[in-house]
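Here's a solo chain for you in structure tokens, the form predicted on its own.
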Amino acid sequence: MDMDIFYKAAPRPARLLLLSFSFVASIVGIWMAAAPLFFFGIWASAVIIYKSVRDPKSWIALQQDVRNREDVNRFNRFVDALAAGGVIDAETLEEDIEIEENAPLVYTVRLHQFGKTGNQLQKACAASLNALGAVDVEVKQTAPSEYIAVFSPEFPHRILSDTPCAYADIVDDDITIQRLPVGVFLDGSPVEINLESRNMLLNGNPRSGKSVLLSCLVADLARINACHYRHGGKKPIERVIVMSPKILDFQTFEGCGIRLIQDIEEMSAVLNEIHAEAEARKAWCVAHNKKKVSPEDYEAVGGHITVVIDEYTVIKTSTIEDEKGKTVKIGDLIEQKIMRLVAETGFAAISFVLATQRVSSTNMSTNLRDLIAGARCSFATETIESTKMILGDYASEAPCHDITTDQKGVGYISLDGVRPRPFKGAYASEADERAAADLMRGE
């Protein structure tokens, strides 16, 4: 059999030639005083350079050849492994087998030839771990003659850093508080946060991806009411409060019903308001013989409330002066209020999302950390101790301290206490944020 039919076509350096031609056209245009030729050359060169920097996956980008080469080589190594394992041999016809790469190190294999089995495929995949840079593989049968091989790479964050993940590609029209998409796992499946009676803790170095993930999460929450209305809802069922010293990161959502708070004293006052509302909801549950506020009750009680607190360390260490000029550690008071709310309001349809950087026991109470049940997420950290503050005993299996600063949006996430998995956070552009804000306004 001609094995070349399985191999992906290698990329060609045509973009570099195009860029060279554009520069030459500019020079010729100047020499000949031909303005159209000059402006065409300058324009074409600028587009190529811009795409190379801002959109390296574009067909016109110069870097694409370099990035695609590893994808091609990895696919070719997988085909070689199937040949070495006897899944493909000289008698295999082109119509006997289909191989599709769904995501890096995730392959769909359809075996149409007689005598080839999933067990044979499993053995071939297991023998190919070293060649593919993987430490484990799982082969699952998804149809009578179809299998999916999912490899676990030794350094998953390296693969994920080159994995594109646009917010528009993961969000849909059926968004709820139980499934808020914020990224993709290594196998391409969506990362979905559940904030129904749950909270979230988020950690990572500066510029590692925290703010981008929070933007995706707030955009998700902004879409919930629109989805609810499409299904016959009459009143809003989601309220969002964002507390952040860097409130400019969320200014796109201003005026759409999302409450943005930057002042430290106002944060403390709003937490008092939330406690009062939780008490009112407790009385509502008693009056309606309910143990907790369920999604079907959100309209009746005034909606689910999500409190997003960004830059928690800055808030925790904040101080103010009272009327006598005495320094008050208002950050400690705020932490006490948050701790009480997290501990007491699980029944009240109130969720907290806390984001911080370089978390430690000195800038976040371990009691508060232990109360956060739901999602635990960490991007790049400096030390394994910082990872342990978020992921606990799983820190050794989630080497966030090995993630480099250029691997933005790559992290590990544990959902409802399960083993953390590597993922890539989605990127929500300003246009994505505006679209979500418009939906929340009802536009």
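As the structure is a computational prediction, the values presented were derived from the model and not from experiment. Don't overthink the numbering: it's just position in the shown sequence, from 1.
Form predicted in complex with a small molecule: not shown, discussed below.
Practice problem: Could you tell me which one of Asn225, Thr252, Thr345, Ser208 places a heavy atom within 4.5 Å of the small molecule in the model of the complex? | Solution: Residue within 4.5 Å of the partner: Ser208.
Practice problem: Mark Lys388 yes when one of its heavy atoms lies within 4.5 Å of a heavy atom of the small molecule in the model of the complex, and no otherwise. | Solution: No.
Practice problem: State yes or no: in the model of the complex, is some non-hydrogen atom of Val87 no more than 4.5 angstroms from a non-hydrogen atom of the small molecule? | Solution: No.
Quiz prompt | the small molecule contact in the model of the complex: Ala81, any heavy atom under 4.5 Å | solution = No.
Practice problem: Could you confirm whether Val212 comes within 4.5 Å of the small molecule in the model of the complex, counting heavy atoms only? | Solution: Within the cut-off, so yes.
Exercise. Name the stretch, out of 414 to 422, 388 to 396, 401 to 409, 370 to 378, where some heavy atom lies within 4.5 Å of the small molecule in the model of the complex.
Key: Result for this chain: 401 to 409.
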